[in-house]
Each structure stands twice: as C-alpha cells, then as structure tokens.
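Starting off, we have a lone chain in the form predicted alone, written out as structure tokens.
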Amino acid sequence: MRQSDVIVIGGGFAGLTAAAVAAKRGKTVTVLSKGVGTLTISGGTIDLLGCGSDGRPFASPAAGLALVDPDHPYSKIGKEAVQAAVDFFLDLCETAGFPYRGNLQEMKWIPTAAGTIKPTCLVPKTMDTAPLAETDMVYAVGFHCLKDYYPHIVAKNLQKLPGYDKTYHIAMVDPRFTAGRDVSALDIARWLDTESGRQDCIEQLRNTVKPGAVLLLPPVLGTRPDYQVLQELEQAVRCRIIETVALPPAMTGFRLRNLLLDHLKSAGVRIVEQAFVAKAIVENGRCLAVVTQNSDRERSYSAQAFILANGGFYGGGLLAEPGKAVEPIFHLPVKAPASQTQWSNPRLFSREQQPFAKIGIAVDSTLRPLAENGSLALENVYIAGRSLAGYDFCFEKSGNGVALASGYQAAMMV
C-alpha cells in the first residue's frame, strides 16, 4: 500500500491546484488521474463569476461574490479564500514565466470564435484585449483548413459590439498541411512551435497586414507555457496579437495544464496516470485508503486526507442512474431535485439556469461532505471542483474559478 499525506483524486484544474497548494504546505501528495481533465477542453481562462442567476453580467467578479446564494461554493469558501486562491495562482504563473493578467475588481470581456464576447477574470497575455484601444485597424486572421474557425464571422459580428467597432480586414495563413484531413488548433500550434513554421507564418502575415494593427487569431500561439511565439510574431510583423476563445482542443488550457504539471513534478508531487479509482476503504467515518482498479490488478493508496476533484457528470465524478444521481467512490449523498423531470430546463438557451448543473455534493465550510441529515459524512475527505453542489458553471461563467478556489481551500484544510 502506498502512503501519502494527501491523495488528490482527479487531474483537472481543481485537482492540480489542490496538489500544488498542498505541496507548497509541505505535504507529500499523490495525484490519481484517470484522464487529462477538462482544461484542454474548457480553456485556460479563469472565469471567476460573470453573471448572476438572472443572466445579467456583474460589473466585476468581486461584485458578484457579494451576491451569491448561501449554498453556492463561493459562500462556503469565503471571499478572503477566493482572493487568496487568485493570488496563489497569479504568483505561480508569474514564477513559472507565464504571467496571467486580471484581478477580482475587473471584468474582462474577451472575443470568441463566434464573434461574441464573454466575461472572464484572469487571462494569459495572449488574450489581453488592451491593445484594441490603441488602434482602429483589426485583422481577423484565419488558417487554411483549420476546422470550425471562420475569420469573416469573427469580424462581421465583433464590429457590431461596443469596444470592438473597428475597421476589420481578413488575413489568411496557409500552414501548407497536405495530409488531407481536418486541421485542429493543436496542429497549428505545433507548427508555430517550430522555427520554420514561425518564419513561414511571419512572411505570410508581412505580405498581408499593415504595421500598427491588431491581429485576432484563434488560440494557436504554441503549445508551451511561455510567450515566445507571441513575442516573435508581434516583433516581426509590428502588430499586437490577441487570441480568441475557440472550440476544443483549447490550446490556452493545454499550456496551463503543462505549466501545472511541470510545477507539480518540480515540487515532488507523484502523479499516477490512467488510475481509475473504483472504491474507498472507510472505517468509523474516516477514509483509510482508495483502491484503483486497472486491467492488471487492484492497488491501494492510503493517506491522512483525500481531496475528491474528479469532476461532475461530464468527468465521471457523478453518475446519473434511474431516479437518482450517485457519487461512485465514497457513495456520498448527492443533492438533486426529487424527480428527474425537474432536472432540466427545456429551454436550453434561456435566462434560466439548468437544475442538473447544480446537482452535486453538499459540503460544510471546510468543504467536507455532508450526510443527508446535515451531519459530517466523512472526517478526512474534501470536495473540490465540479462535483460541488449549488452552481451552474456554464450559465454564470464560473467553471475554472470554482475549481481554483475550491482546490485551493480544500488543500488549505488538509
């Protein structure tokens, strides 16, 4: 049996954040990760809290934090801990040479591949929209064969929005792929990781764009958590560059995940991949160990504390069964509407939240799970991320924010 101070179940943003915080506090940490988490899907922006329950945007994430319901994870965590989590994240990124920008007092509105804008809080430098205030000339840049990215749609829709009402042009770059398949943002990012790819891209842009403009690109500026590609392209074409939010694979999340994994390895955190946690060994209200079940055999991992951060319905941390929702490892109570007919709002695109999105595990102020009668369910298990009850991350734009804050707070409690 393998022994640690802390075992984190889940390799998404909440789990990796929890592991980083626990390691910084001097704990021996093991991460059990079944897959790669959702960072590479959801992206690397940290949406703290964009909208209220009525769908109206807040002036700032801090303004929204003051208005959340008592059952919301942010209410359990507390505003001071949310601020501390933000500070921890910004310091970690700065130290790693990949600084982020933003704070709780400012709502950032960043462009998407649909030509809309979305509220967020913390962004990499590649998504900082401040350069837009310096020019009226914008190029929406596309790449030949790149799937699901259409620069003319970006330009057509953005120019109708306040702050984005500029003169738009279209520029296309040919990465010269000849494999005859769909090209993803990851393919373009890997092409720009190479010296030859960057030089080819620079030469094509020089023949099209005028110096002093802003270039709106899909998120393709390399796979590594650094700004080398951004800096080389900006200097060579004498334009400022902004990455938009686009469909997966999300390169901004890919870079952030690489940053966190590099940090955890340097901090001595043990990461076990392809680890499917099947069950927990519990005695007298305490978890003694969790058991992974893979194709070869079972393995047990014991610890003083456990952080459950393996996601909600999408990630497999919660399962929907006839008439109920279940948490499959510890068999914790899952807070859900009594009837499954009440789980969904049939108007998918409305100003109302989806009840199923708020289904999850109820916790106390230390993020430990509660039994159905409100008593403590397990003394040394803490919940972080998407399996927490009480918030609709998609509707209120809070996904990575709750992951960051709850991962931080759970690790501070162990």
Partner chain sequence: MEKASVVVIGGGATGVGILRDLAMRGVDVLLLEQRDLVNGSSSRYHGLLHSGGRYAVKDAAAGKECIEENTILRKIGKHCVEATEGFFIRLPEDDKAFEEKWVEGCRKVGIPAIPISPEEAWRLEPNLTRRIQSVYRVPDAAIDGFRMAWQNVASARRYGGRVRTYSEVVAIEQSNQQITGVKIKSFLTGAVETIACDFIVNAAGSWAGKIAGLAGIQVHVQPDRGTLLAFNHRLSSRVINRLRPASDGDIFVPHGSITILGTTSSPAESPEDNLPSTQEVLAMMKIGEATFENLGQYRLLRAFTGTRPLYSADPSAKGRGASRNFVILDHAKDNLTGFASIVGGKFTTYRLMAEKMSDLVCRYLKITTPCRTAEEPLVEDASPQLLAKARQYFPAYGTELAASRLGAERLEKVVNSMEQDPEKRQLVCECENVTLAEIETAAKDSTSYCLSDVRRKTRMGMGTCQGAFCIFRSVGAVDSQNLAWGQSTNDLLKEFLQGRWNGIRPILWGSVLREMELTRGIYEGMLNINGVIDNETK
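All of these numbers come straight from a predicted model, not from anything done at the bench. Positions refer to the first chain, counted from 1.
Same protein, other form: the form predicted in complex with its partner chain, not shown, and the subject of what follows.
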| property | result |
| --- | --- |
| Location of its partner chain contact in the model of the complex, chosen stretch of 389-397, 402-410, 21-29, 6-14 [non-hydrogen atom, 4.5 Å] | 389-397 |
| Non-hydrogen atom contact residue 314 with its partner chain in the model of the complex at 4.5 angstroms | yes |
| Its partner chain contact in the model of the complex: residue 98, any heavy atom under 4.5 Å | no |
| Contact test in the model of the complex: residue 190 vs its partner chain, heavy atoms, 4.5 Å | no |
| Residue 147, heavy atom within 4.5 angstroms of its partner chain in the model of the complex | yes |
| Residue (of 205, 329, 84, 247) lying close to its partner chain in the model of the complex, criterion heavy atoms within 4.5 Å | 247 |
| In the model of the complex, the residue from 258, 75, 159, 112 that sits within 4.5 Å of its partner chain by heavy atoms | 112 |
| Within 4.5 Å of its partner chain in the model of the complex: residues from 345-376 (heavy atom criterion) | 345, 346, 347, 348, 349, 350, 351, 354, 356, 357 |
